[in-house]
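Taken one at a time, structure 1 and structure 2 that follow are two forms of one protein chain, written as structure tokens.
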Structure 1
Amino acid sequence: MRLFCWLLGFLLPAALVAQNPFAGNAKEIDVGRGLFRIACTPCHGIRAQGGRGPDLTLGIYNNGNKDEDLFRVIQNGVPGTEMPGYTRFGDDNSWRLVAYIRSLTLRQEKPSQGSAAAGETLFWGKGACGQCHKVGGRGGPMGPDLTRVGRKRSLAYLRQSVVDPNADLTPGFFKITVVTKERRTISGVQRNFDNFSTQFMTVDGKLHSFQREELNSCEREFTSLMPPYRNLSEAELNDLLAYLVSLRGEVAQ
């Protein structure tokens, strides 16, 4: 009896686990890439390294790391988020997309060689990153919350974010500059922007709100308010990156 239960417990789940019929098949992966280009790049980026949606090249996924988890997400979407479901693609095309996504994770670069502990010290100390970024509830609110950035972004993306923030502006974080009737110039990160009004946040975490008619001018630029960090040594940059990569949302709040 015990053997029977053991066999049942072992065989049943194994039989229910779906296998990707196209895993590693170059031709089918190519079809998957074509589908991805059309349907998914608006949110996940042309190289699947993220935008409105997360980076899919990391091999770690919030909704599960197995092929069947990716398949389920593609079919059903993630309720309550922007990720739509694609049942209309059918099983085969969904598996082709999974095979394509898997082919990307195989090309991941080596992890950062730095020390995450030293990077953390740099982040809150000399780097003053915490002035604009929150990690686990600590820090300033102007820039994107970095609590889970290690899950969302690749090492290459993170490196560029620090060294050359304008190269890959985080979607939505435009720079707003207004000149008031009193000729005061104020710049901050966009929170809201339409034909009649604008809202933005300055480095001190203050939210500013103006009707356009109250202003002398109001400009929106595709520019980062994050200063480029070009003076870090290679070792410091590696430490910082090791820290950023380690941010997976498991920080004590």
Structure 2
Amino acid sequence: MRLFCWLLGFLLPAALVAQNPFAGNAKEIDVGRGLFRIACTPCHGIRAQGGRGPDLTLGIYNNGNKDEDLFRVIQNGVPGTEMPGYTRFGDDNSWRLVAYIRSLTLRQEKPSQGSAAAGETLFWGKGACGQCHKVGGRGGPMGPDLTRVGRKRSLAYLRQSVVDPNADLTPGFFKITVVTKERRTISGVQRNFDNFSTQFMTVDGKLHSFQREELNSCEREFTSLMPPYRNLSEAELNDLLAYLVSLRGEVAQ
């Protein structure tokens, strides 16, 4: 019976194994770190704390939080996103990546000291964040959707984004400024930008589209239209951050 079970485990593909065979293995984790630096840092950052992709050090993910969920995402990617599949890594290297990612989540992030309820009121009121950002279908479309931001970004990252929006811009949300032939200046957030045309959205939610020959000038700046909220008190900032951290949406099945 023991031999039968051993053979069955040997014959099953690794994709069906729920437990990472390299969990806690320092040597294999280091191999995973090397793989991560080659394939994952362009989107998730050198420390896996996010960039154009989500922060992987939080231990919570959009597509499941178990080891087998991470393995599946590495192997198959996530349809409808920029996350590709890495079947070429093979099962063992995918598990090494999972082991490395898990090693980064051992730290415990300090919770926000603010009130999420007060932060929600601030978000939709004084802060006017909802003018540009959506949460659960409510709000403006100009900025990034924040419905799941608590699953994607750390408290430290969110604090920096509020206080200094230019510190780490979300790709594709750069500032576009055009001057029309009628000498009208319009600024908005990039939707498309190439050698022949540009499309951008203004704060009122209106989408503008121009061919280059229609304009006197067209400039793209790698800055944010979002104002830095340095006028918030420390208590208000903590409340706003507590609300943003609480935004985790629904776990994808």
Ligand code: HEC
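Because the structure is predicted, anything quoted here is derived from the model rather than measured. Between two forms, the rigid core is the largest collection of C-alphas that superpose within 1.5 Å. By convention here, residues take numbers in order along the sequence of structure 1, the first being 1.
Note: the form predicted together with this ligand is the first of the two, structure 1. Residue 140 is not among the residues whose C-alpha shifts by 2 Å or more between the two structures once the rigid core is aligned; its shift stays under 2 Å. Core-superposed comparison between the two structures: the Cα of residue 32 travels 2 Å or more. In this overlay on the rigid core, residue 85 has a C-alpha that sits 2 Å or more away from its partner position between the two structures.
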